[in-house]
Structures are given as C-alpha cells and as structure tokens.
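Quick heads-up: it's one chain on its own, the form predicted on its own, in structure tokens.
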Amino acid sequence: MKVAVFSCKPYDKRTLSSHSDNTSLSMTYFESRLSMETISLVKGFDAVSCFVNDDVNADVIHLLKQQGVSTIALRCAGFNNVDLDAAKAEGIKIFHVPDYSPTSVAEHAVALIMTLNRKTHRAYHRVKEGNFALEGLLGFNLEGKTVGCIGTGRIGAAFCRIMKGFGCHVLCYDLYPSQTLIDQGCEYISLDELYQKSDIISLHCPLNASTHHLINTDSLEKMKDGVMIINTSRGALVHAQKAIDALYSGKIGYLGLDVYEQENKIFFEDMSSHIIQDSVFQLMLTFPNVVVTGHQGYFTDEALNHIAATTVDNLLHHQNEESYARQLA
C-alpha cells in the first residue's frame, strides 16, 4: 500500500518510519498540509495520512476518491476537520488514534496551570537578567481550590486524577459520567454550576456544533471573577475575542491555550521571521496573564510512538480487509 503522509515534520517521519519498516506499507512524506491546493500530490497513492490542521472537506474527499484513495488514516483523536458524511458517501474509510497517551495532554494542561499560577516563565527571564525580586510573581496554593473539568474522556479523566492529587475539589461535566471518577471523589454537576463554582476550568471535550465557542460572553458571565481557563483540546471551543474582552475586564484572571481557532495558519511552523497576520492572536500575546503554546500538549515520546504505531496498524488492517474482499470476489 502506497501512503501519502501530509503535515509531516521530521519527528513524524522518524517515528512513522520506525514503525512501518519491514511492513508492506510504502510511505512518502510531505511537509505540506492536505488541501485543495495540494491534492495533486496524492496521485498514485492508495491512502493518505493526515493531522489536525489538514483540510479534509467534501471537495478534497471527492478528489481523493477520483485519485483512487480508499482510506484516510488520521494521526489524531479528533476528526472535526474531516467531512465524515462525504467520506461515507464516497466509500472512503476513516481511521483515527483514539488514545495516544492521554496523560501527555493532561500533564500539559497542568503545566499551563502551574506556569500561569507561579509565573515560572517570568521568573526564568528575571533570574537570567540577575533580577531576583519577587514582586509580581505572587501565586496561590492549588490545594483546596475548585477545578472544573469539561469533558471526562481519557484525557479529561487523567487531568482529574492529577488535580485530585494536588488536593483540589474536582467538579466534572460530561454527557456520560464516569463511575470511576465518582469513586475517586470527583463530582458531576451541571455545566452552569461548574461555571459558577470553579476557580480553574479546563476544557477536554471534542469540538462539535454544541461545543463550538463554549467559552463565550454568556458562559463567562456565569464564572467567578479572575477565573483561570485552560484549553488543550480544540481552539474553537474558546471565542478568542470574547476571551480578550474578559481579560480586559478581569473576568478571566489567567488564560492558558495550547490550541487556537485559527491555528492552522500559524502553528507547527517557524513564524519568528514573519508578521503574523492575525490581530486577535497578536493582541492576546500581549497580556501578562496569558500563556500560549503551539499545540504541543500531545508532544511526548510516548505519544508520538503510540500515534505512529496505531496509524500503521490502522493502515495494515485496512489493507488486509481489502485483500480479503478481493479474494472473496
């Protein structure tokens, strides 16, 4: 099976190559993203592998089918960037990686909390300059604080367990409550109650019609003044402009983002010598109580290897299914 791998960085190539060597897969790696502009690259391939910011819309899927592509192997858990109905109509199989070391993302969410709270990023630069003054670096104890977790799938559950370890009171919201988390002392409540009671709110839910811009003017009004909001899930869960308004008013006291709604234009690339053409994003970076990372929550050795192994397994499974179907025919 010939596989075109899009949005492929050197670290992706290393891990995918190590797991696909000595298999029947022949992988060709492209650093560019899959889109209408790059669709011509798939000519002669049987499958494509994509990442979070590839644009796999209905038109792209139609052209993939015309080129003879029979499967799309996503190297991520979410598939909000894929038109699933179009893929089904075209008979293209979709695979994803539902579980790639959920603790990696959960731990990154905690890293954002700790950085914002104890201001280690600012302290690092002060000490490098010989400035050992503590004024402006005041934090708070996590023990005893109320932490709200929206979405308690694998990543959210891992996050809850970590925060319980800090001695936090953990509130949860999910359509499908976890008895395991309840047994561990977490409490499921309504979304409005979670907004009202939480000192820290961390988002771990998928992006869909009901969660798009979950953090907006209405939800922010229900929160405590000075609330900390963390998003390591999908950028469009947070309405960026409304978050900026809440930073100005003091409603949001701390904001930690590993994802951003328009990240496909900037993330995963070295933009240090470019002017970023996004005034909302640029303004957000000017706030001293905002920390943004470039979608690195998943970026651990364990997670990369799990993603590669699962992607290769998905492709081999599909190949074997097609081979069996041809034999029956």
Ligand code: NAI
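One rule holds for the numbers: they count along the sequence shown, beginning at 1. Treat the numbers as computed from the prediction; the structure is a model and nothing was measured.
The form predicted in complex with this ligand exists for this protein as well; it is not shown, and the discussion that follows is about that form.
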With this ligand left out of view, which of Thr103, Thr211, Asn81, Asn216 would have a heavy atom within 4.5 Å of it in the model of the complex? Thr211
Residues Ala77, Pro98 and Cys205 are flagged as a possible site; in the model of the complex, is every one of them within 4.5 Å of this ligand by some non-hydrogen atom? yes
Out of 151-159, 242-250, 129-137, 219-227, where are the residues with a heavy atom within 4.5 Å of this ligand in the model of the complex? 151-159
In the model of the complex, does Tyr298 have a heavy atom within 4.5 Å of this ligand? yes
Please run the contact check for Tyr173 against this ligand in the model of the complex: heavy atoms, 4.5 angstroms, yes or no? yes
